[in-house]
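Before any questions on binding or motion, here is one chain by itself as structure tokens, the form predicted alone.
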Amino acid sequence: MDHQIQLTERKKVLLSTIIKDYINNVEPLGSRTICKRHGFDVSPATIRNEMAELEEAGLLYQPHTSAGRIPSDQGYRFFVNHLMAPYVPTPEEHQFLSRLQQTSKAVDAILSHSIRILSKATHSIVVAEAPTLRQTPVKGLHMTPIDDTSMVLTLTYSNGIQRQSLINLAQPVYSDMLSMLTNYLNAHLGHTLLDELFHKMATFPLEREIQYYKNAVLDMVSEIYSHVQREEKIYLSGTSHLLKEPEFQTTEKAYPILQFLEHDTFVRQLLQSVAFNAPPESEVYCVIGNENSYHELQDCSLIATRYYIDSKASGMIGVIGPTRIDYPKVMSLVQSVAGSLTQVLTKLFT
């Protein structure tokens, strides 16, 4: 682990310099180039010895025998944990972020707008998940008919958040029947999770007055459950940025990552695993290179954090880029966008 690595101040400055240079120039660095480009007041031979010791510690490596050195995943981890200075967004980046306050009042539009802004500001892929509510108990529901086979469903969760959805049914459900079924379902909710409600309606015997409508009840509960699952949406922006990075300009390198990102289930699992495994004291989570459990992403880093709806629900938003991603800048911008998302969504739902 990096906390066991002890570095002198000069080695810390040297490692930080190499990482910052590689982030910008994407080329291995030799000792003479470092001395010339960055003005170290020691000889190239001294720098060469220091670099060899950083390589022994696992913080640098040589991609080719005759090449200079570049940062390893462990080197980036040491940089993020110990050497990184706070990043101050530029006026242009502040302007990007201020646009979040000018978006519409629909969750879908807010999240879509947010990830586009963050992708433009970081020149990276951005992923986000919709606020997760399926594991929040439902306190009540209301169904408003539009015609015989469609209705507007309003779900009120125990945390006070409401969600409205358009539900289409396979068979006609008339107004009186809809009212009776609404009362019946509300009586059986009792702060129940949707998973439990679906299981209860599908397996328990129904009361006599409802038995006749059993198929309609199951259709309705199934539609409600499916609709909520569909609302657990994944948002993605900026995949074209990946192809501009020198590391991913070959199909062999880029294709597995792009294929991974096509699957919402994989992206959701990635974000949820980061949230689950990250230390609770962290505000921005960073997974570097081979720390990724998904082999498709082991040449990438993910920087992610949570956004909230007034502490009632939450989702994850994150940036995916090469391991030489500009960690201070991206971590700062991810945190800023998540904070703005929290403000905008909290205003919307409270």
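The model shown is predicted, which means the values in this text are computed figures rather than measured ones. Just count from 1 along the sequence shown to find any residue number. Between two forms, the rigid core is the largest collection of C-alphas that superpose within 1.5 Å.
From this point on, the text means the form predicted together with a further copy of the same chain, which you will not see here.
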(message) Please determine whether Thr192 contacts a further copy of the same chain in the predicted bound form, using a 4.5 Å cut-off between heavy atoms.
(response) no
Item to complete: Mark Phe248 yes when one of its heavy atoms lies within 4.5 Å of a heavy atom of a further copy of the same chain in the predicted bound form, and no otherwise.
Response: yes
Find out whether any non-hydrogen atom of Thr239 is located within 4.5 angstroms of a further copy of the same chain in the predicted bound form, and reply yes or no. yes
Going by a heavy atom distance of 4.5 Å, is Gln259 a contact of a further copy of the same chain in the predicted bound form?
-> yes
Students should find that, of Met143, Ile110, Leu243, Leu181, the residue having a non-hydrogen atom no more than 4.5 angstroms from a further copy of the same chain in the predicted bound form is Leu243
In this chain shown alone, the residue from Ala130, Ala254, Ala275, Leu218 with a heavy atom within 4.5 Å of a further copy of the same chain in the predicted bound form is Ala254
Note: a further copy of the same chain not shown here; in the predicted bound form, the stretch from 76-84, 259-267, 91-99, 171-179 having heavy atoms within 4.5 Å of it is 259-267
* Asked: Comparing between the shown form and the other one on the rigid core: C-alpha of Ser112 shifted by 2 Å or more?
  -> no
Align on the rigid core first; then say whether the Cα of Thr90 has moved by at least 2 Å between the shown form and the other one. no
Please check if Ser240 moves between the shown form and the other one, taking a CA shift of 2 Å or more relative to the superposed core as movement.
no
Quick read on Val344 and Ile167 CA atoms in the predicted bound form, 3 Å or more from the shown distance, and they're farther
